[in-house]
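Let's start with one chain on its own, the form predicted on its own, as structure tokens.
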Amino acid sequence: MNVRICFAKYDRLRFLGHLDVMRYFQHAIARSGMPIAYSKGFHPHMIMSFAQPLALSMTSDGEYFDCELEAEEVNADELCANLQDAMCDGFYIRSVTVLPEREPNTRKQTGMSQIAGAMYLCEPLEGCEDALEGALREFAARASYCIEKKGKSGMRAVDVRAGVHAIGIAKDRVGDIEYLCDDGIFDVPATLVSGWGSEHSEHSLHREGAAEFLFAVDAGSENNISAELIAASLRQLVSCEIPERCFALHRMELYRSKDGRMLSLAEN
């Protein structure tokens, strides 16, 4: 059987790279006693697959990995609690979801292959708030906005605005969100709750009255609009000079597409 584990990464662990995160969870799973399956051969390894890697220095409340278990039935809540007991400060296990059995002669679907969307928070650093908020309102009003992106074959133009489905501004950590646009594909939150519903998350250096920008974007293999691309677009729209590192970035959730809607990867 297969399970999907959702976890948060925050605080100083935002400087931990993806390969180190993978190695950490391999040790944590062994300590937790989870009945994980191993590959066959001379060098057995845990059968696990992480979804979209998180960029260095970013925090998140919506990271995922799938793993195969050598068990016919498990208690998801017990697995979640045991794995959390093996975590260090900076990681928090949010949920364990038992995945449905794969139909015969169908392709295996992992979290990585299902990702189609993501939701981000961007918090401007002190001194950049007003300029970036003005740029954000201009960006939201446009039908398209292209930016040069470096790819494997060199530089190419990417229409960043076309891949952004909702843009919001939250002035208070526990308050209403003002939406500048929303095409209805994502179920966007009406209010921004501290830590995106997790009291363990300390994902930003939020200051009273400081704005946080919310983005719901495409994140699939064909069209991937990262938080860094949006931040670069806003920097280009700003009329005054601001530092290149003008944002604290946080990933709220990852989504898959179903019937024209975006659903959390934690949902079956």
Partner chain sequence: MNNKLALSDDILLRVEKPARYIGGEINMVVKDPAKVDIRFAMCFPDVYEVGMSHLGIQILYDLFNRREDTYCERVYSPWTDLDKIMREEHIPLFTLETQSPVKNFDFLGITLQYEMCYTNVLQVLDLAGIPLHSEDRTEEDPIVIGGGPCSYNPEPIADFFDFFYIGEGETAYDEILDLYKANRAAGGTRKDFLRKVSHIEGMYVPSLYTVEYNEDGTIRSFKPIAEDVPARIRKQVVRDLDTCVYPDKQILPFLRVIQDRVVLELQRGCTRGCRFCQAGMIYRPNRERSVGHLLAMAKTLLDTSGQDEMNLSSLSSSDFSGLQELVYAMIDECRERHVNLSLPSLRIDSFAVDVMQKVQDVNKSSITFAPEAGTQRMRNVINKGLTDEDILSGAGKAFAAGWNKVKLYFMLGLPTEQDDDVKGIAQLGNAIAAEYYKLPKERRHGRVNVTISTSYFIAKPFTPFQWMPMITKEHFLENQRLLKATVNEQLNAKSLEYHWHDAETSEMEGIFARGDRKIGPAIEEAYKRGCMYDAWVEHFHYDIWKEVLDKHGITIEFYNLRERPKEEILPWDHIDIGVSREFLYREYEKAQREEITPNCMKQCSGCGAASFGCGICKQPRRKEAEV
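Being a predicted model, the structure only gives us computed values, none of them experimental. Residue numbers count along the first chain shown, from 1.
Keep in mind the form predicted together with the partner chain is missing from the figure; the text below concerns it.
Listed stretches are 93-101, 163-171, 139-147, 80-88; the contact stretch with the partner chain in the predicted bound form is 80-88, by a heavy atom cutoff of 4.5 Å. For the chain shown alone, Cys240 is not a contact residue for the partner chain in the predicted bound form, no non-hydrogen atom being within 4.5 angstroms. In the predicted bound form, the partner chain lies farther than 4.5 Å from every heavy atom of Arg256. Among residues of the shown chain, Arg23 is one whose heavy atoms approach the partner chain to within 4.5 Å in the predicted bound form. Taking the partner from the other structure, the partner chain in the predicted bound form has no heavy atom within 4.5 Å of any heavy atom of Ser221. The three marked residues, Arg14, His43 and Leu56, each reach the partner chain in the predicted bound form, with a heavy atom inside 4.5 Å. Of all the residues from 223-246, the single one having a non-hydrogen atom no more than 4.5 Å from the partner chain in the predicted bound form is Arg245.
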